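Taking the form predicted alone, here's one chain by itself in structure tokens.
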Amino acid sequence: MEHSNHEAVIVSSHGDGGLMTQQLLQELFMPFFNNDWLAQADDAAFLQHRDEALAFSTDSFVVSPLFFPGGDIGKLAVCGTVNDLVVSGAKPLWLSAAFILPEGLSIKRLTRIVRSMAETARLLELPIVTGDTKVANTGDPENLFINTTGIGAVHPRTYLNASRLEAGDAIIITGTIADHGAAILASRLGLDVEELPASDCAPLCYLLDTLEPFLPRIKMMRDPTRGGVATTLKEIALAAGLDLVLEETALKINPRVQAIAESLGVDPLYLASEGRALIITSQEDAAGVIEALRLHPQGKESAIIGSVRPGKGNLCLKTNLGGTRMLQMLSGTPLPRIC
């Protein structure tokens, strides 16, 4: 979208986590902010303080509606930053929380959100140690925005990097896909509560303990949030310079999620998950990783969904019918304010 004078402007697709988001980052932000830490392009920056390796991550949450089946913007704000640290191999230690409050927002609704954040952080024994509040006249009392920043201690036995991927490695996911994105879209449709799928919004802190014996050999972990499984894996494929091949028959999709996606003409592979992790490890370790994950309630539906192949950064889906479909990053699909 452009003004009549041909000046380029921001559109909703710049925030969907897909191709236009990547272009915005690479063409605008990186040239101005570029440094060695930012160039890592991970979910967290890795910092060295004396003898301790730290991970530092920040995220902003603009989800609409503020409350949805399985969570709310407060729970999401804690889980989102916590999960970025965990899939970077770090145990979360501290969080900050900053609020941009819209004029007209109900104090009762804000209280529910803050309580939800506090309860989620308390369950993780994770203190929110600093923060900020601002009030803005946005014209909509539901336009609440929350930023959370987290610092974590990097597990000394982890080295998670796309450069470690090799042909033959297994791609694992810790559960069903697209639950969060479908829950948000279904909420916007105003369906009966009984018909709504629930978001998978949840912290992934269990991963570091559950996978302790395998951590040195796990090569990559990511949480497939904005842009979904397809966009996340496409980013990994490009970074590794190898092809990733998914098996459609191995993907687990909640029937309600599938129904919502079909009714809206949206591919579940591009819908966000907020409580799942993608894990890439050697084929030899894959069975042991799956067995360990399934011992935890959040990982009971873990499965191998694909493998790494020689190539040049392609992402392919072997379909149920035996064909092959090339997958790209999310591009132009109107999914604003999903997380």
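Throughout, we count residues from 1 along the sequence that is shown. Since the structure is predicted, the reported quantities are computational estimates derived from the model, not experimental observations.
Although not depicted, the form predicted together with a further copy of the same chain is the subject of the following passage.
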{"item": "Listed residue that, although a further copy of the same chain is not shown, lies within 4.5 Å of it in the predicted bound form (heavy atoms), from Ala259, Leu238, Ala167, Ile100", "value": "Ile100"}
{"item": "Full three-residue contact with a further copy of the same chain in the predicted bound form, heavy atom 4.5 Å, for Gln26, Ala287 and Glu291", "value": "no"}
{"item": "Residue stretch of 200 to 208, 157 to 165, 137 to 145, 178 to 186 approaching a further copy of the same chain in the predicted bound form, non-hydrogen atom distance within 4.5 Å", "value": "137 to 145"}
{"item": "His49: touches a further copy of the same chain in the predicted bound form, heavy atom cutoff 4.5 angstroms", "value": "yes"}
{"item": "Exercise: Pro213 in contact with a further copy of the same chain in the predicted bound form, heavy atom 4.5 Å", "value": "no"}
{"item": "Partner contact for Pro127 in the predicted bound form: a further copy of the same chain, 4.5 angstroms, heavy atom", "value": "yes"}
{"item": "4.5 Å heavy atom contact, Leu66 to a further copy of the same chain in the predicted bound form", "value": "no"}
{"item": "Interface residues of 104 to 143 toward a further copy of the same chain, as seen in the predicted bound form [heavy atoms, 4.5 Å]", "value": "Gly104, Leu105, Ser106, Ile107, Lys108, Leu110, Thr111, Val114, Arg115, Met117, Ala118, Arg122, Pro127, Ile128, Val129, Thr130, Gly131, Asp132, Thr133, Lys134, Val135, Ala136, Asn137, Thr138, Gly139, Asn143"}
